[in-house]
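As a starting point, one isolated chain is supplied in structure tokens, in the form predicted on its own.
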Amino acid sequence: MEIRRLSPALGSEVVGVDVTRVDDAGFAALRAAWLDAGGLLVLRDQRLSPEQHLAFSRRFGPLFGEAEQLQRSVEPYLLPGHPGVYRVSNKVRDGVPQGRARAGAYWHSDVSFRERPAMASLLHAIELPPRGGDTLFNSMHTAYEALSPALQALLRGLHAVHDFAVADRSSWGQVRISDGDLDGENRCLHPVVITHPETGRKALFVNPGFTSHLDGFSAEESKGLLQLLYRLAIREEFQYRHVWSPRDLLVWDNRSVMHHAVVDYEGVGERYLHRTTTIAARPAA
């Protein structure tokens, strides 16, 4: 196993390992490298069946789709027979989408609208277009640490509402919610600054994809402060841009990382990936 850092802000690349054969000591080393890299690992050349993908994912924790259901509107994009596998794809076969096209084409943290949001997301590249389809990641640890002490102190006392309906109302319009997604389980309150339970580092925990507003602020105040935080958080020096290779397996930590899928490959080729997502504890300030 060889581990190489990808960018100053976050991310490490791992080569020379087959995740289907990793023993407990090897997995502990991978998890330590994941945390040390700010919550992003790129595992190269992983040949995974859906069952193997699920088995490796469960080592990080219980899965959405198995231990807890995801929102109803994603059900058509789950892999038949494997409710823990979410399909990300622009492929259409006999008029049937093989996954959600344009999924994640905005900055967000997966499932932040649940009381127990996402922890690890594991995305496996099965088919890729000849060019395009990169994914951007940013470190919410580094973004928080770059803020002034005065702004850090203000934010540590605040909470924000996260709501799945935000994605439906937003300009990117790629998510269409069903009535069953508005029953309250997909809306919750989280601290704006959270402490990572494994590393102790603090991170911003708001995102344009699902954060509705700051609790206790007027709409104008909330919008102004959130937009400021978003502009600061996605500065280039806090980012890593991943250019996909076939069979890449990416593992990121939604407690400390936002991501954005770049959809620039329409008309260029087909893209098909499998994603699993583990469930975190409720975020703590």
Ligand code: SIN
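Worth saying up front: this structure is predicted, and the values here are computed from it rather than measured. Note that residue numbering begins at 1 and tracks the sequence as displayed.
Omitted here: the form predicted in complex with the ligand. The next part is about that form.
Put simply, residue 211 is far from the ligand in the model of the complex: not one heavy atom of it is within 4.5 Å. Although the partner is absent here, residue 10 sits far enough away that none of its heavy atoms falls within 4.5 Å of the ligand in the model of the complex. Contact annotation: residue 141 falls outside 4.5 Å of the ligand in the model of the complex, judged by heavy atom distances. Within 4.5 Å of some heavy atom of the ligand in the model of the complex lies at least one heavy atom of residue 261.
Residue in contact with the ligand in the model of the complex (any heavy atom within 4.5 Å), chosen from 123, 79, 192, 166: 123.
For the options 117, 99, 104, 84, the one in contact with the ligand in the model of the complex, meaning a heavy atom within 4.5 Å, is 104. Looking at 228 to 236, 251 to 259, 49 to 57, 28 to 36, the stretch with residues near the ligand in the model of the complex, meaning non-hydrogen atoms within 4.5 angstroms, turns out to be 251 to 259. Heavy atoms closer than or equal to 4.5 Å to the ligand in the model of the complex belong, across 261 to 279, to the residues 261, 271, 275, ordered by sequence position.
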